[in-house]
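Heads up, what comes next is one protein chain in two forms, each shown on its own as structure tokens, labelled structure 1 and structure 2.
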Structure 1
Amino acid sequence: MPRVALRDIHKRFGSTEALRGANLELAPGEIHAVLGENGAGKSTLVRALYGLVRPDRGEILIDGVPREISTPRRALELGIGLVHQHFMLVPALTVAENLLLGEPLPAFLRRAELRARAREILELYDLGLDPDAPADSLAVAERQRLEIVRALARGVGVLILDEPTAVLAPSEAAALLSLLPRLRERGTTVLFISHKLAEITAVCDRVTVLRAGRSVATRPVAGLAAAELGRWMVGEALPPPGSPPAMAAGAPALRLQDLRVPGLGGIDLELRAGEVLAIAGIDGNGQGPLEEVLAGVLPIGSGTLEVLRPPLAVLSGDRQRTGLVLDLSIGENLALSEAAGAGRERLYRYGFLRSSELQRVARESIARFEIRGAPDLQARALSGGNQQKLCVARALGGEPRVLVAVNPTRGLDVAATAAVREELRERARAGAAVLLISTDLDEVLELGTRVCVLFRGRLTAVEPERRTRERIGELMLGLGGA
């Protein structure tokens, strides 16, 4: 008997049919992947299982019994836990305090007991978290582990992970992936959402593919090639990976000299028109301050920052925090573009936003970047990947001549990732200077005409003749040597 069965689930949001007959069965103790394009309905489906979305039609069976799951609390009582993609921790509290917070505890569980269980789980899985550390001192990967421990300590036997690796650096993603089989060994059923086909083939037992709200196939992963998975998802072959634009030594466009802010020590770099300078590195090594100082949010401590070919636009990787205003519509978010430059006069008349023009501009971007949503739709209502596409559209809309792209494809499906990378190459070929800051090594290698690594606030150039995954990986861990 399946541990969980979702049958013929339908869900409509206004005019959007997010789910139109989705089926999913989880066998006890399996790692089950859900794969699908941005907006295919993956998050909606798992949110239905976790009591955050009420299906319009269909049924949910837990251990063969039909259940109404109307709240996360009910889901937890039934042994189902969800690790949100956007973390819900309270930064000012400690690891231990955060364990106790959040959705109310199931009635049978006392605080002391929960704490004891959490300690046990931390040891059992060797998760290395200090219970007394404040949550805001934790790196992203640690916060995620804390969320997992919270769920397990609450007795969760079905653990849903919605794009857990999207926010992780490669080494951290590898650590998370290696945790999954250990959970399975102890009987936990894992539902794993990811856009990375290699992750699915590496650790999952079965995969269900969603296309436009319907499940199109469920298959064992053994023997499946990544390319085959990609074909199911989009119904056609995937584009092959691209390579960096041919280097054109254009005019200097951005120059940083001995730039210092807290978290960054003495950064020197010169970015030229027509090139993509890719900065690799594990999150937390200065990417945040570098992005903020380039965006003009963080004042320069000492040194200089010159934008020699304005305008400069920043495409932020943290779309929920700095990328979008979630309460505004798609159109309004596009109008907010700092680099609006050329489009500005068209959009405003006598200081007022012209809504007809806004609509037109929005429709153009929606079509060009294949965003699934109408101009009036609130950004909050977009799927994660479609929010990311909106960020990309916004940053590129002002025709920047210096473009700082921070994890530009985070959360994008395979096809959209390829499209955004090609767009960045195209911008460089057209003469823009692109500074890519990315935790994704594939991205760095596919885009960078030059590659640097950021480690503990310092930048090291990768020697062109040693431009390999191994070499960059070493530098990312500070094992550069000579």
Structure 2
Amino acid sequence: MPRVALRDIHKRFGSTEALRGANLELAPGEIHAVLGENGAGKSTLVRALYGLVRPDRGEILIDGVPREISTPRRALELGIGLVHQHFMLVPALTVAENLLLGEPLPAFLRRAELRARAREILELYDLGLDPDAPADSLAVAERQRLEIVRALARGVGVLILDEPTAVLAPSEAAALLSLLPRLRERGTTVLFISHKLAEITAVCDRVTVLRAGRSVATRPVAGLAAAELGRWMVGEALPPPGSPPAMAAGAPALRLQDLRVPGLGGIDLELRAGEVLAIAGIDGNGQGPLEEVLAGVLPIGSGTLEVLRPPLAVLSGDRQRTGLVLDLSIGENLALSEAAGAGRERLYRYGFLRSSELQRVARESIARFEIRGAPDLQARALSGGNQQKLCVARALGGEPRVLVAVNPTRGLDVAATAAVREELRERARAGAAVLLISTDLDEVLELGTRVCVLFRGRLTAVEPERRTRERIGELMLGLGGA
């Protein structure tokens, strides 16, 4: 009997049919991957299982019994836990407080008892953390593992992991993936959401592929190649990985000299036309302040920043907080850059928005970047991947001569990832200067004509002769040495 079964699940958001008869069965104690293009329905299916959305039609069975899962609390009661892609810890609380937050505890619990209970749980799952350490003092990988242990400590038997390695260094991702077989041995069923095909083939037992809201295949992973999974997902062979643009760098386009702001300690950088300078690093090592100072929203403390070949465009690393206005339509979001420029001529005339031109530009961008939505659809209604495509479309739409791209493919499926990376190469080949700031080491190696690593607010260049995953991974963890 399946531990969990979702049968004939339908869900519509306005005119968008997110799920059109999707099916998923999870066996007890298996690691099961869900794979699909952006907008295929993965997030909606997971949200239905965790009680974040209610299906319009279909049923969910837990151990063979039909259940209505109307809230996350009800999901937890039924033994289903979700570890979100973005951390849900309370930074100001300690490890122990985060671990037991929301648990039914006595009205008066001494700190020593809280600490002892937390230590017992941490030792059970081999997580060597100090119960008194503030959550915001933990490394990214430690926070990720704490999130997982917190879910397991609530007694869940089904654990949903949403893009769990998205912000980890290679060695940290490998350590996390090595944890999953141990969870399987304990009898935990793991639902694994990832766009990284190599991870799925490495740790998963079975995979279900969604396409356009329907389940198109469920297969054992053993013996499957990543290329075959890609074909199931998009219906055709995936393009092979590309290489950095091969051309001589031109004139300087962007220069930072001893740039200091809170979170950055003296950055020196020169970016030239025609190159992709890739900055690798784990989230939280200064990427946010660097993006904000380049976008002009964070004042420079000291040092200099020169844009020598304007205009400069920034593709934000946080599509929901700073990349988009979610309550505006696709078309209106595409017009934001020109609105900020006091109504430049393409979409505005005499300060007034040209609605017909906006519709035309929006339709062109929707077709070019394969955004699943109409020009008047609210950005909030798009899947995460399609929101990311919208951010990319706006950043590239103004033909910037300097492009700052922060995690440009985060949340994109493999086909869309390949397309966006090729767009960045084409911009460099056409003479634009591209500064790529990415936590994805594959992306850094595939795109960067030069590579640097950002660690605790300081930038270290990677020597061309030592440009390997191992070397860059060491630098990302602060283990570079000489």
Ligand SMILES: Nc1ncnc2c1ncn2[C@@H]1O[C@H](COP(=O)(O)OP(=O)(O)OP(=O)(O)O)[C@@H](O)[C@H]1O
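Just so we're clear, the structure is a prediction, and the values are computed from it rather than from any experiment. Only the largest set of C-alpha atoms that superpose within 1.5 Å between the two forms is called the rigid core. Residue indices: 1-based, along structure 1.
Note on provenance: structure 1 matches the form predicted in complex with this ligand. Fitting the two forms on the rigid core leaves the C-alpha of residue 380 displaced by under 2 angstroms between structures 1 and 2. Superposition on the rigid core between structures 1 and 2 places the CA atom of residue 160 2 Å or more away from its counterpart.
Relative to the superposed rigid core, residue 185 undergoes a CA displacement of at least 2 Å between structures 1 and 2. The shift recorded for the CA atom of residue 133 between structures 1 and 2 is 6.5 Å, with superposition on the rigid core.
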